[in-house]
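What follows is a single chain, given as structure tokens, in the form predicted on its own.
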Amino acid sequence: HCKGVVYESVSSDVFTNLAFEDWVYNNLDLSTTNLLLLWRNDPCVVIGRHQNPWAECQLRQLWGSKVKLARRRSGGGTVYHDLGNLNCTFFTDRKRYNRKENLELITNALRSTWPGLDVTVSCRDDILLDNFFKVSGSSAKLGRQIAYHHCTLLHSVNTPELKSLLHSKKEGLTNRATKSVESAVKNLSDVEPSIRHSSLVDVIAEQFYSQYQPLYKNKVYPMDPSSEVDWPGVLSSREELGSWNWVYGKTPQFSVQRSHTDVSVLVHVHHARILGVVIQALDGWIDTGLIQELTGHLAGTKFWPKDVAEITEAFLGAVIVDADTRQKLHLVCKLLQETLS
């Protein structure tokens, strides 16, 4: 019969915790063991593997804050994490992968300890409070041998921050990436004020060990996911997951448009680089040669405020035109900057 073990990460760095998930997925033999990893992160927004950060969150606001942006290796939608959210990752042999069972394990643990919590598993694999508020969302990664299913559990998250950073209403953006489904969220502690991170860890671990015989002792094992000695290669994986090329560069192709009375700017973006820029205006509004020169400089550039600003400023600095044309070029460059977040 299958045995179980529960680890709790001592790190609150999102990239380190995601790298450890990756390490387990790539290195462990779980043919006879189920591993439950409990972890939490400092404030961050985590997008799914195939998502577009420009469509999913308020980037300017995020860039101006201490909140990090991460991209998971699993699919699904965008979530906000802070220390008031507990993440549970269930690692199993591929053949034993069962999301519903894992979610039932969590809801059973919650109900048995706090009978006042009305928690149920929805058909979308969310855990709902009072059949309406989302307290947990799931995503998964299935490999040939190993599968993992991870889910959030909101117990005392900063909900105003969550709402201000996540959104999917972005004007002028066309996008083939996976879109998030917006939901009303609530914290478990709004209903049961006694709920704490530590009490959740204890009751979920207890429920897990009642279903799977402990591999070692019936306890939660603290572990350091950044230990290169224990998990060789985990730090280079962390570096990759924290890199611009992964977080932004893996964005599927999209376009974003900004318009003004006289002119509109459409930017096509692939892997977070500018594929091309289309500027439309009435005939004779501006010399098309100038526009072609500007768009030529932009092709291939990173779709990033600093990189685009460098090019537009150099262009405006070098071009010799009359005051009226200069004003129009400034407008075009301003619209370009607006597409970037």
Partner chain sequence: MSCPRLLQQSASLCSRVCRAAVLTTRPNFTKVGLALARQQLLPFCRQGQTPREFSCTSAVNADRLFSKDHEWLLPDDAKKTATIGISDHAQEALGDIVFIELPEVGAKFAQSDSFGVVESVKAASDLYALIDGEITEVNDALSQTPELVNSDPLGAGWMIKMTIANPAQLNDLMTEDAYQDFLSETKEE
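Just so we're clear, the structure is a prediction, and the values are computed from it rather than from any experiment. Numbering follows the first chain given and starts at 1.
Keep in mind the form predicted together with its partner chain is missing from the figure; the text below concerns it.
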property	result
Contact check for 255, 257 and 293 against its partner chain in the model of the complex, heavy atom at 4.5 Å	no
Contact assignment for its partner chain in the model of the complex, among 113, 187, 183, 74, heavy atom within 4.5 Å	74
Listed residue that, although its partner chain is not shown, lies within 4.5 Å of it in the model of the complex (heavy atoms), from 134, 197, 268, 141	141
Stretch in contact in the model of the complex with its partner chain, which is absent here, among 278-286, 310-318, 32-40, 55-63 (heavy atoms within 4.5 Å)	32-40
4.5 angstroms heavy atom contact with its partner chain in the model of the complex for residue 28	yes
4.5 angstroms heavy atom contact with its partner chain in the model of the complex for residue 224	yes
Heavy atom of residue 145 within 4.5 Å of its partner chain in the model of the complex	yes
Exercise: residue 202 in contact with its partner chain in the model of the complex, heavy atom 4.5 Å	no
Partner contacts for 187-208, taking its partner chain in the model of the complex and a 4.5 Å heavy atom cut-off	none
